[in-house]
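Presented as structure tokens, the chain that follows is alone, the form predicted on its own.
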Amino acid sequence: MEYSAHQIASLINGEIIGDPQVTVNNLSKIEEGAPGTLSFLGNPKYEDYIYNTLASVVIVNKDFIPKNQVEATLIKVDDAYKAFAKLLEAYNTKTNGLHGIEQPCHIAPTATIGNNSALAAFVYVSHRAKIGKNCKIYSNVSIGNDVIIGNDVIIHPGVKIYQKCVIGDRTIIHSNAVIGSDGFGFTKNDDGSYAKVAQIGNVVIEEDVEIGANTTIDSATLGSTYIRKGAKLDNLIQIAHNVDIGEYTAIAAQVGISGSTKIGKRCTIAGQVGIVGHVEIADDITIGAQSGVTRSFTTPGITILGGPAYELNESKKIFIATRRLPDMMDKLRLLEKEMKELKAQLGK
């Protein structure tokens, strides 16, 4: 489908500089712009590309003032990146549409599916599962007994949702994520072998959450593992049993969080962080990449870093001291040598 600059500007409340009737039928990066495409300039370091891009329409910030002539039609908005993201979402919805219930699917007689929800082929919906309105569930998704899925949920191919889990409105779950698998619960027998502890709880994912591909969220031993409203989880994350992730917290890839840990609201956890079990992280804390969190941090708003993790200023001191260790060792060896020479002179 083609859209004019005028139509696009009306969608994002933008001001047109150039030809309002020029049309686009695709999207492009500004450095790879082609005729008939829409692009955006959000980062000033890419400004040079706008003077040579072949894109027909470019979304820019209102404060952008060209240094040279720009051939493309410009649409000025308050925030070019946010405006382009809005258009990307609309484009994605149109190009990845799913309608009706494809066959073969298995839907248990006791399951219910809300109005305007769509299921791709090979979806399995088990007993007493409830799927809300306007959901899109793609192929090879498995939904267990008594699962409750809210409205406007998108579940991508290969996702597995175990029994009794709850998925909130407008949640997005990406391919091959596993929701509600058994927590890592075992007791050690006298002979050194392990006996499994049944994990009879569930996972509760609140509204507006996004779960990345191949992320695993374990069921609680008792009660629930919680992913609170608006949280964003990247790919390849492990959330253990009875963990509680606070509202609007963002977690990058390859993070592992051990059981019964509580993460506060609006926290940012960078890649490859490991957090031990039964600790508490206060609201608005940032955890630097590859940190190992071995204790609770209860002061809101701080940044922690390192392995083991310390508050940022303390971590910097440790880092600086570590960098000085080779020089300190050289000085120590010199002192030892001088001490030996001095003892020899004193006949000791």
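For clarity, a rigid core is taken as the largest C-alpha set superposing within 1.5 Å between two forms. The structure presented is a predicted model; accordingly, all values stated were derived computationally and were not measured. So that there is no doubt, residue numbering starts at 1 and follows the sequence shown.
From this point on, the text means the form predicted in complex with another copy of the chain, which you will not see here.
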| item | value |
| --- | --- |
| Within 4.5 Å of another copy of the chain in the predicted bound form, all of H6, T261 and I281 (non-hydrogen atom) | no |
| Proximity to another copy of the chain in the predicted bound form, single hit among C135, V203, V141, I75 (heavy atom within 4.5 Å) | V141 |
| In the predicted bound form, the residue from G292, P300, P35, P66 that sits within 4.5 Å of another copy of the chain by heavy atoms | G292 |
| Residue contact check: L312 to another copy of the chain in the predicted bound form, 4.5 Å heavy atom | no |
| Touches another copy of the chain in the predicted bound form: F319 (any heavy atom, 4.5 Å) | yes |
| Another copy of the chain contact at I172 in the predicted bound form, heavy atom, 4.5 Å | yes |
| Contact label in the predicted bound form: T112 to another copy of the chain, heavy atom within 4.5 Å | no |
| Interface residues of 203 to 242 toward another copy of the chain, as seen in the predicted bound form [heavy atoms, 4.5 Å] | E210, A213, N214, T215, T216, D218, T221, L222, G223, G230, K232, L233, D234, N235, L236, I237, Q238 |
| Residue shift check between the shown form and the other one, rigid core fit, S28 Cα at least 2 Å | yes |
| Large Cα shift (2 Å or above) at N43 between the shown form and the other one, core-fitted | yes |
